[in-house]
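What follows is a pair of forms of the same protein chain, given separately as structure tokens and numbered structure 1 and structure 2.
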Structure 1
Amino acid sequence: MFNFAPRNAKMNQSAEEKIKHAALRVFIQKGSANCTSREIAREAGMNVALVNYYFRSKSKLFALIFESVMQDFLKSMVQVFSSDLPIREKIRILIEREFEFLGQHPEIPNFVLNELARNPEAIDGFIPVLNMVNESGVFDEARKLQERGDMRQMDIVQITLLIMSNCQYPFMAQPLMKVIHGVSNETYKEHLTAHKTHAVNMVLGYLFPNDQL
């Protein structure tokens, strides 16, 4: 599921990967504070001694998984904003990649937000990655476009909310939306595919109104 780094022999890699994926499922369902290493071992179909052997403790296993999730969550943003493309194209690609990533891992936004709510300091280790976005110059580019009247006047917090609400909330709201509209998983996935196009058009149309003239 994620780019967890392998270790030693092939047999060991297989055991470690099973534990990591099982731990992610348990952490998503119960949160890191409300589960035990024994529950993770049971989910992986192994004994708790193996979990402790490979990862020493539940907290170290969680730190490894949370770091991997956050890296996957942030790396596309850094890659896109560090490119030489115009900001309008950067935003379009960012939205499309976000939908692609969340289509494969729809549980990740809730997992990240829940863990940050429990432990806000967990984000501290990713400040250098977030700083890379600032250092890419994308915010300066946005300010210049706003000064010229080519981009709607919005601060970066509002722009972030606009993009995140259109990209992440549709995946977070999936259980509710399926009940409200009585649709299946497959049908809702079709709606998400259509919403990607709507999200791109809505966000870009709002941020760059002059492009519509």
Structure 2
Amino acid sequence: MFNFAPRNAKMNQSAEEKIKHAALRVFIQKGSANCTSREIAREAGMNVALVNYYFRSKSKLFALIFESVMQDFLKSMVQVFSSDLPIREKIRILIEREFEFLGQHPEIPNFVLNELARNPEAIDGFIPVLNMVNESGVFDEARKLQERGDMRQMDIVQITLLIMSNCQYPFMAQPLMKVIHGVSNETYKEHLTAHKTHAVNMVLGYLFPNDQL
């Protein structure tokens, strides 16, 4: 996950790699605008000038990082739907993988949605990933299933929304929920694993209303 390939391979980790990893951490935690080049350099244990030596500018570095995050963000969705499992299994596995991924990277949905909403340039570093999704045929297949009457009739956009809402929001809302309900980190994590089951059952139950319980 987030495994940048080394270009000038040294024994351990090249400076370029260190900066990329530091940038990933800092950008995700603070956002593209609310962090400094010096902060990234410090996190990587290097000089500020090196950041621009390897990546030309802060915005170029950000575009690089953002694209790789988007890759991971959408990868599992594409992978699962490109498989040849029956549709119900696809959705179940998709949701379960999403919960697993977000359990390890809970800040990513907020990072992505926030950048897309507030930093229009972020969309540039996003176009390549866009093709990945389209070329996967994910949506075409869902449409086919609907034509066979196998699934509740609703627009693909809204099916996407249904799934992603119930996967991503619980992780995005963690700080809000913790303070509203006054729960600790640990108990919220337990709520999240329990919520996975609810998400699967509710979404499947709604998309396939004719299934027996």
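The shown structure was predicted, so the numbers you read here are calculated from the model rather than taken from an experiment. In this text, the rigid core denotes the largest set of C-alpha atoms whose superposition between the two forms falls within 1.5 Å. Residue numbering: structure 1 sequence, from 1.
A.B. asks: Quick one: identify the form predicted alone, either 1 or 2.
C.D. replies: Between the two, the form predicted alone is shown as structure 1, not structure 2.
A.B. asks: Does A22 move appreciably between the two structures, meaning a CA displacement of 2 Å or more on the superposed rigid core?
C.D. replies: Yes, the C-alpha position differs by at least 2 Å between the two structures.
A.B. asks: Examine N185 after superposing the rigid core and state whether its CA is displaced by 2 Å or more between the two structures.
C.D. replies: No.
A.B. asks: After core superposition, I'd like to know whether Q174 moves between the two structures (criterion: C-alpha shift of 2 angstroms or more).
C.D. replies: Moves: no, less than 2 Å.
A.B. asks: A49: how far does its C-alpha move between the two structures, core aligned, in angstrom?
C.D. replies: Here the C-alpha difference is 2.5 Å.
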